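Single chain ahead, written as structure tokens, the form predicted on its own.
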């Protein structure tokens, strides 16, 4: 009997989709023969919205470009504006920025764990990790007034001083998370169900990753110890000690183990920040008034290491208070198209969410 190819849409309203996107799948039985990514469910146009606003007005938009981890957007925007405007940030403000970025990294990894565990039916892991992420969001709320969108890393420094006792509360949370990681090992990473589903699935070959520009856990899961925090240091990362975890298998499980190790490294970085942060220093430099804050006729590119890979901003000024050109470069574009589409071919339908979650795709970075 002739077997018929059927076409289905995985998303956008689907718990296994990492945001408002869809993957159109051609199936022969349960086997995927073709995959096409669609991200036309956002239509937000962040770059053009930013270009039509003043520097200060544009600041409130950038954190929406990736909701699970908005803070690298704020850092990129602030670093680009500061480089063009010649603004120097104090050491204390830089330490606070590193603290915020590593807290955001931990929160993003915990959210990833919830999605990845859910894709293999381990719901308890998701309940634990979302709860632990909420503990980080509690601290963000104390620090910034917001739980998800913080609008805290601002051109010239950070928006407000640390609340009394904040570093002590952060230290206590790190103690809790350090112990919690061992529990996650037993519940998730060493779980035979997850290992059977993840090992040997979604394999990326080592020779592909550099040629095609992949980054983050995809790169490090193939054995390449590449991380912008060490390779192209920004803020104060060159003054902190941390390792770049790698795995060599290049599959879903290797990428999971890299993320697991990166969580421990983030805790290590945060402990150094707490110990080394100066008690004195301005958290914000004096900036020109709103309509007199201009950028020269120059351009720049800055990039940070987000929880998902290299995340950069190209910014150009024209001598006015407006940003002439703004462009976002995130890992999601190449991971969702150049990588995800061929990676799904030959896989079973049940592995779609598992593979997609392992790549760290955030759709607003694409539909921007």
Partner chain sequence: MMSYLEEHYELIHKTPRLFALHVTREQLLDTLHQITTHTSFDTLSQLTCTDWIEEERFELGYMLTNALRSHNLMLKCSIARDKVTMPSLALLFAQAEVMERELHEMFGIGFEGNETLYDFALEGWCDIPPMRREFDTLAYVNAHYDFREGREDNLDVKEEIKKRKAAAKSAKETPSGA
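Numbering follows the first chain given and starts at 1. Treat the numbers as computed from the prediction; the structure is a model and nothing was measured.
What comes next is about the form predicted in complex with the partner chain, which is not displayed.
S.K.: Candidate spot 69, 169 and 186, all three in 4.5 Å heavy atom range of the partner chain in the model of the complex?
M.R.: Verified in the model of the complex; spot residues all out of contact, no.
S.K.: Which one of these stretches, 111-119, 131-139, 224-232, 72-80, sits within 4.5 Å of the partner chain in the model of the complex when only heavy atoms are counted?
M.R.: That would be 224-232.
S.K.: Since exactly one of 148, 203, 181, 210 fits, which has a heavy atom within 4.5 Å of the partner chain in the model of the complex?
M.R.: The residue in contact is 210.
S.K.: Would you please decide whether residue 39 lies within 4.5 angstroms of the partner chain in the model of the complex, comparing each non-hydrogen atom pair?
M.R.: Although the partner chain is absent here, residue 39 would touch it in the model of the complex, with heavy atoms inside 4.5 Å.
S.K.: Residue 219 near the partner chain in the model of the complex, any heavy atom under 4.5 Å?
M.R.: Yes - in the model of the complex, heavy atoms of residue 219 and the partner chain come within 4.5 Å of each other.
S.K.: So, residue 337 and the partner chain: in the model of the complex, are they within 4.5 Å at any heavy atom pair?
M.R.: Within the cut-off, so yes.
S.K.: Mark residue 317 yes when one of its heavy atoms lies within 4.5 Å of a heavy atom of the partner chain in the model of the complex, and no otherwise.
M.R.: Judged by the heavy-atom cut-off of 4.5 Å, residue 317 is in contact with the partner chain in the model of the complex.
S.K.: Hey, which residues along 238-270 are within 4.5 angstroms of the partner chain in the model of the complex, non-hydrogen atoms only?
M.R.: Not one residue comes within 4.5 Å of the partner.
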